[in-house]
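Below, in structure tokens: the form predicted alone, a single chain.
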Amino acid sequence: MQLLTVSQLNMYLRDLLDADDLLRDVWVEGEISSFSRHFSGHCYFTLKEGEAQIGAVMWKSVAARLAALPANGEAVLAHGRVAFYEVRGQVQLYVDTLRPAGIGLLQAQFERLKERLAAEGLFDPSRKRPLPLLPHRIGIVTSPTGAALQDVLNILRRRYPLAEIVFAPCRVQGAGAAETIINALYALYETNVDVIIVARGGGGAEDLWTFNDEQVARAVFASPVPVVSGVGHETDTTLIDFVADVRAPTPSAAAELVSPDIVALTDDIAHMRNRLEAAMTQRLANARETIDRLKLRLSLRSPESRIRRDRQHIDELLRRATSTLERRLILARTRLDGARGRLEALSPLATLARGYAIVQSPTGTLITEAAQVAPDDRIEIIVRRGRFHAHVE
């Protein structure tokens, strides 16, 4: 048998507890008792369950994160590590998280499951898919008797009555609800829906807990089409909110997210039609201008146009040639008249007209001197109008 001092024993117990993996990360459910807050800000209390109890310490930094300090008699769920306080020889729970019991336990389970699924990539933002702009078929998973269904249907019919609704009923709370939700989802996966709404109205955390079920989350993850979660109110958060492609704060909001407003669509279509018509009108006008310009260019280069131009050129040349010829003809006529006048002035006929006569021999030789004739020669005398013969004496 080994003899130990108190310090040695306490150190042994401390090391023994510190080496235990379970005690380093443990949740403990119990009732607050003997709660006190030291002037330093640290809190000391006892967790009780029937006759069992354990001392607990919550440091100032942990207490500062709480919305309100717990009260004696309040059932809580405390997370932390169990260690041995050597000074007093006391086992204590060093609390780093403190939540109300019940919901707190569920929340702790929720957080662990959430962390695990996040590590598997179920919440990866890169896998989030955009919602279809104009869905033809919209699947709805919710209770057939809940107000959420009517809210969703009213909005879908008002905003986008063109879409076909495919309803997959399920239970949204209570025992077996998760299985009905999973079956409803997989039933929709067999149809040709474009988007799915998983909806449930508001309620307490326990009422919404079905949507924190791991298998429900995995069923949503397996969806071949985008899923919108519309569970509870805006302040409620369930596991499928993280898995779904889009999280809506309410069922009504989910319906609005998946359904385009037909009034706005009509206005948009009218606006786009006007823009299209204006654009087409402008394009037609531009095309007509282009065609007219090309036709003009083509006509200018066409053989017919060239023939017309050549004919016009020929006409112009003819006109110029005619004009030139006429001027030359007039000039020639003027010159001719002048020459004629001069010739007529020098003409023997003109001389004859003035009373002179031409004397010539019978052979036609002009007799210009008296020595050219002898007595009895016959001569011919030409006067202005006629001729006659004579004898030289």
Partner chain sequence: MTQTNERSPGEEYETLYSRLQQIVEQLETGDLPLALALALYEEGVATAEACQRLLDHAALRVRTLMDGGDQSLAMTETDE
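Residue numbers count along the first chain shown, from 1. Owing to the predicted nature of the structure, the values given are computational and were not obtained by experimental measurement.
Only in words, not in the display: the form predicted together with the partner chain, which the text now covers.
Peer 1: Are any of the heavy atoms in R157 no more than 4.5 Å from a heavy atom of the partner chain in the predicted bound form?
Peer 2: Flag for R157 set to yes.
Peer 1: May I ask you to check whether E214 falls inside a 4.5 Å heavy atom distance of the partner chain in the predicted bound form?
Peer 2: Flag for E214 set to no.
Peer 1: Find out whether any non-hydrogen atom of F167 is located within 4.5 angstroms of the partner chain in the predicted bound form, and reply yes or no.
Peer 2: Yes, F167 sits close enough to the partner chain in the predicted bound form that at least one of its heavy atoms falls within 4.5 Å.
Peer 1: Can you check whether L188 is within 4.5 Å of the partner chain in the predicted bound form, heavy atom basis?
Peer 2: Heavy-atom contact with the partner chain at 4.5 Å: present for L188.
Peer 1: Can we say T266, I269 and A279 each have a non-hydrogen atom within 4.5 Å of the partner chain in the predicted bound form?
Peer 2: Yes, each of T266, I269 and A279 comes within 4.5 Å of the partner chain in the predicted bound form.
Peer 1: Taking 4.5 Å between heavy atoms as the contact cutoff, choose which of A175, L298, L284, L318 touches the partner chain in the predicted bound form.
Peer 2: Result of the distance check: L284.
Peer 1: Would you kindly say which of R127, R309, R88, R273 lies with a heavy atom within 4.5 Å of the partner chain in the predicted bound form?
Peer 2: None of the others qualify; the residue that does is R273.
Peer 1: With the partner removed from view, which of 68 to 76, 136 to 144, 92 to 100, 243 to 251 is the stretch that lies within 4.5 Å of the partner chain in the predicted bound form, judged by heavy atom distances?
Peer 2: This holds for exactly one stretch, 136 to 144.
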